[in-house]
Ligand code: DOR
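One chain comes next, on its own, written out as structure tokens in the form predicted on its own.
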């Protein structure tokens, strides 16, 4: 039995930079026709010159696969209308990180009250806003607290496409339909795991991520949203590599899922008798929401067991040693 997907897309992935980027990019480019490649590098991708350089770096690492790197600019409060207008035809979107909420976000927005002039420009230029939606409050509540920010932005700028990245809570799932201009991405690990998987037994550092895993109730809400075939929901893995040493000693946040994303997604949809929904979730919805045309590729999965390796180089995947039922042809 085979499963054929047309030009699948990962709408949120971390490829890092330099040697790490060269190591992990092929896991994404072998499965996906394109991906939204996060700009929280060091330094961040916050100018058109850095954007062009990063696109070149990712494209080279993705070879020989036909692959489109969609790179959002890292949000700056001092973007000028002239700067964004001049580069509009090249730009995909802009990514907003509240300062310090996740890896390499120290240069993010410190005061959300100051971003509205840039949001107004983005609305005029039809530049989507991607958001890591967390406050600096109590960790399990950070995303819930940020829903009011989404509400304010979406209502103040009704023509601005607002993408809630990697939603994890029932609150965010319920909020999705409040505004026509709000969309979201969902990760594999937030669909499958809860906080108890990370903390309930021995602490699993490879399941530590931001936003953190949530409750069974929240997971059920996210699963229901995906399994409903909702047209405003896109797959974004948030696969985020760190070396095993950094995960164990520095407590770096991020789940590395890139090598097995499509096989595990196939298992998830098959387990719920909804394989027919996978194409829209991993491609069609994103193509419509963003208006992108990725390279035409056919990706085939076959029903065949394989075991996830204990590590990929210096990186440990979240499900090392697990036997999967689907594999990439």
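Because the structure is predicted, anything quoted here is derived from the model rather than measured. Positions refer to the first chain, counted from 1.
Omitted here: the form predicted together with the named molecule. The next part is about that form.
When the named molecule is considered in the predicted complex, residue 144 lies well away from it, no heavy atom lying within 4.5 Å. Not displayed here, the named molecule is approached by residue 102 to within 4.5 Å at the level of heavy atoms in the predicted complex.
Heavy atoms of residue 254 reach within 4.5 Å of the named molecule in the predicted complex, making it an interface residue. In the predicted complex, none of the heavy atoms of residue 161 sits within 4.5 Å of a heavy atom of the named molecule. Among 182, 172, 153, 240, the residue placing a heavy atom within 4.5 Å of the named molecule in the predicted complex is 240. Only one of 209, 234, 167, 130 lies close to the named molecule in the predicted complex, with a heavy atom inside 4.5 Å, and it is 209. Residues with any non-hydrogen atom within 4.5 angstroms of the named molecule in the predicted complex fall in just one of 209-217, 223-231, 85-93, 111-119: 209-217.
Taking the named molecule as positioned in the predicted complex, the residues of 7-37 that bring a heavy atom within 4.5 Å of it are, in sequence order, 14, 16.
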